[in-house]
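Shown next as structure tokens: one chain only, the form predicted alone.
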């Protein structure tokens, strides 16, 4: 095969009855071969879908020697078909074996033989030949495109902040540390402090990137390496950021169903994740709801996983939990002026699953130093960050969206590893 052959290829999804009589070339993987004796039928898949080929004569014996999932180039005439699954079929005139597949393969990429998730992840590249799995990652790509498009429309600037940092600047313990040219360094668990600083000159910024958390969690919703959509904006309050997140989530889901429904239909045709409005429920109202459900939580306590699951039964779709107790939130979250025990903060939930956390930030350097000390943190460790607050730091708010969890919702997946190509958790470091 030469470069000119490749350029002339036709994709499976692009052929219909208007192509009848044309001589076309296809490249793909053999998914099935039905040998009927004097005639054979092949099903070949490329990145767009499957086509059926009809094989007769000497070519039939050739196909009997080619293992399934091998890569072939097929040339033939488009003709009518009786098959219900295809509009037309290809009468094969020429076939070239480009790459022979081993037999047996470690997993069945058609999905007919079910493999465990761990076994599939061990053979992830092959797993992607499964149509549902490949559509997860096409949807992931489309969702990232739509999120970027939306944020650009709101005058946000995309930025890239360091992932190698010199100190545990958020005060968290769940950091991966390592030696960096004879110095102690860490992998960033968020871009929080950097994106706050960037509002000083760029006003509205966002970043979509991988972050790292050395949290020994063994759940279906936690990873050690995860993708987050972070945004920060000057001169906005936390209510304004909630408006942006609400609009972003609703519009992204609507656009996916409107423009990429061929992929979305592989997950659920009901479209029950479509909403027009996301309710906002205070932390204190959540405590009242939980009390009526037999789950007593005192003010100031975090909402446990069992509590959030009960709350998710009352609010099974998207909902905001707003105005959390100040002591539950990081040092950089601002409290309400008239009720300092409550913070200007929010979480976006989908049932029990938290996907966004955000709020209004403290922009006064003196108050920020006091809050660091109240949290048991040394302000000297934050000197580089604090100095930017002396340069005219604007009032600002922001949030971070757990993109992998959002993908779980979009694809109706119950395990976060399903929606990440090569997940990293407490047990998995390869492939």
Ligand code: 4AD
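All values reported here derive from a predicted model rather than from experimental measurement. Numbering follows the first chain given and starts at 1.
What comes next is about the form predicted together with this ligand, which is not displayed.
- A single residue from the set 233, 321, 311, 356 has any heavy atom within 4.5 angstroms of this ligand in the predicted complex; that residue is 356.
- Checked against this ligand in the predicted complex, the candidates 204, 222, 254, 129 yield a single residue with a heavy atom inside 4.5 Å, and that residue is 222.
- Site residues 190, 213 and 400 are all in contact with this ligand in the predicted complex, judged by any heavy atom within 4.5 Å.
- Just one listed stretch, out of 348 to 356, 271 to 279, 302 to 310, 243 to 251, contacts this ligand in the predicted complex at the 4.5 Å heavy atom level, and that stretch is 348 to 356.
- Not displayed here, this ligand is approached by residue 405 to within 4.5 Å at the level of heavy atoms in the predicted complex.
- When contacts are judged by a 4.5 Å heavy atom cut-off, residue 410 does not count as touching this ligand in the predicted complex.
- In the predicted complex, at least one heavy atom of residue 226 sits within 4.5 Å of this ligand.
- Using a 4.5 angstroms limit between non-hydrogen atoms, residue 419 is distant from this ligand in the predicted complex.
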